[in-house]
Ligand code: ARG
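Before any questions on binding or motion, here is one chain by itself as structure tokens, the form predicted on its own.
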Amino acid sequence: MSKPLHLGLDHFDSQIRNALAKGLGLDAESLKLERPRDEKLGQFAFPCFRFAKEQKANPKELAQKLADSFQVDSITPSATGPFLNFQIDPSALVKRVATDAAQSNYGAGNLSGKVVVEYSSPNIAKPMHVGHLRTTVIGAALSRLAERAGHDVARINHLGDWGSQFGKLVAAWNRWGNEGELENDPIAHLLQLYVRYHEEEKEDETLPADAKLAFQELESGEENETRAIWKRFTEFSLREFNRTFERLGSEFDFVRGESWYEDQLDPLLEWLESTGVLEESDGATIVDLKEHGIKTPCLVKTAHGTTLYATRDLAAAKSRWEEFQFEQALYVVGAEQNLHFQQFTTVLKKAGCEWANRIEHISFGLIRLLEGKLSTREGRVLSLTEVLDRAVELAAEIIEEKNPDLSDKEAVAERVGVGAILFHDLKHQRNKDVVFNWEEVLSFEGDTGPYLQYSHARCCAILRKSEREAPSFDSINLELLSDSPELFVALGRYPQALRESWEKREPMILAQHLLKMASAGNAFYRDKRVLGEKEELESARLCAIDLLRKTLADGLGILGVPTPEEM
């Protein structure tokens, strides 16, 4: 477990577990505290069921016994049935959380080692559709969470720029391609060609033959006309992708398509041969995985001599291990690729790669249209650019209605609209499917990105209106904030939210905690007058507002959601 450098409520968690461990004669690391169902009972709860059984005691009696013997300054225990609850003294709570949260990099962990994160990975010559949203935003968020935990992160965009589909596309281009349409709107024209290929191949037997020949020419390694066409498609696609990545705030350390590993495919096959895992089957080269519980073999070379997606993933994994010696390699790829990841990681293990256990498939559910699954082949695509543009348009309408005098309205609309899309995705559990519809995604009320952005902007507005710098916590009387423990409990749980989000590979945990933090903050400045109080009290409350602003901005930044100062 990554222990934060700036603890917040984790400081009290550690104190409580250490005291309980002494009473139970156990290691503190083996104990885990929970949150009481009713937080009026305290900030922490300890269920006694399992430990009572081990000590052959009644859970209720054990809870009372532990309460009677518990002695930690500023922490009051109380037994409620089989649970032991702990209430932190408000003054001690505020002082601890305020001191920790005021530090830079609040909630940072002390892990180390290299983490490789592969995400986004769109296919060349096809538009980025709304289905690419999840891999891009989840991968970017996990990369930032890994860095906050202490890891050195390598972000990789593994472009789909190789494979038999490019043979199909080249065959379609040679028959129906139009230079004017390609120059005017390259991705739309290439998609049109791809869809037309699949419509006409059923009736035209020469099309698949042309496609197969084109892919063989592409894989030949020679600089021929087919490869020149493929390079043009790649350049056009990257230009379009980069516009979208810039809007989403996604950056990559390495942009390496499948083609980057082209010269490593033959050495890979030779290495696999040397390990004795390869077999011939109907002219194709496979790895049989039945002994590992996988019925479908992993096909690494077709009978026609061409490689496959699995071959290139094996080459990429081996290359990344040799380059990075990673602690973990995360592949943020949809759940429908589960079998592929089971196959290719099992091949590596069978070939004797102990590091294969460090590979993690970070799966996620699909985004679906109301009428069904997204499919490029069928041409039913909801462009990601279209989604972002529509969100920004709606944000602009709301700004015009509610704050028409706002300066730089277009830039704010972009940040609010894109933020709405990003947060809508990340607030969901990643392994659940998300049905995409405009009404839900672009709602600006409830548990949304714009709600969090507005909470941040409101903090900024209060600080601006004060017309002075927020005083530092070491210069104010923190006792004056002890009547607002709810806000400081929410701020104090931030390190835990960061840690759990990384450990469980689940950005939703952080997203949901930010909503709780904003709710506590809104209650604070609704119930407590900040400006116009006596100077000492105003200073204390301004500090609390500044701390809320800072922590919201930090958490939203980790999720990739922009934080405008005015809305």
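Note that the coordinates shown come from a computational prediction; the quantities given were computed from them, not determined experimentally. Residues carry their position along the shown sequence, with the first being 1.
There is another form of this protein, the form predicted in complex with this ligand, and it is not shown here; the text below is about that form.
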| item | value |
| --- | --- |
| One residue of R415, H151, K168, H132 in contact with this ligand, assessed in the predicted bound form (non-hydrogen atom, 4.5 angstroms) | H132 |
| Heavy atom within 4.5 Å of this ligand in the predicted bound form - residue from T136, T226, S484, N123 | N123 |
| Non-hydrogen atom contact H340 with this ligand in the predicted bound form at 4.5 angstroms | yes |
| Non-hydrogen atom contact P186 with this ligand in the predicted bound form at 4.5 angstroms | no |
| Interface membership of P90, this ligand in the predicted bound form, 4.5 Å heavy atom rule | no |
| Contact test in the predicted bound form: L218 vs this ligand, heavy atoms, 4.5 Å | no |
| Within 4.5 Å of this ligand in the predicted bound form, all of W176, Y197 and E201 (non-hydrogen atom) | no |
| Interface stretch in the predicted bound form with this ligand - options 208 to 216, 347 to 355, 327 to 335, 242 to 250, non-hydrogen atom within 4.5 Å | 327 to 335 |
| Residues of stretch 296 to 321 in contact with this ligand in the predicted bound form (4.5 Å, non-hydrogen atom) | Y309, D313 |
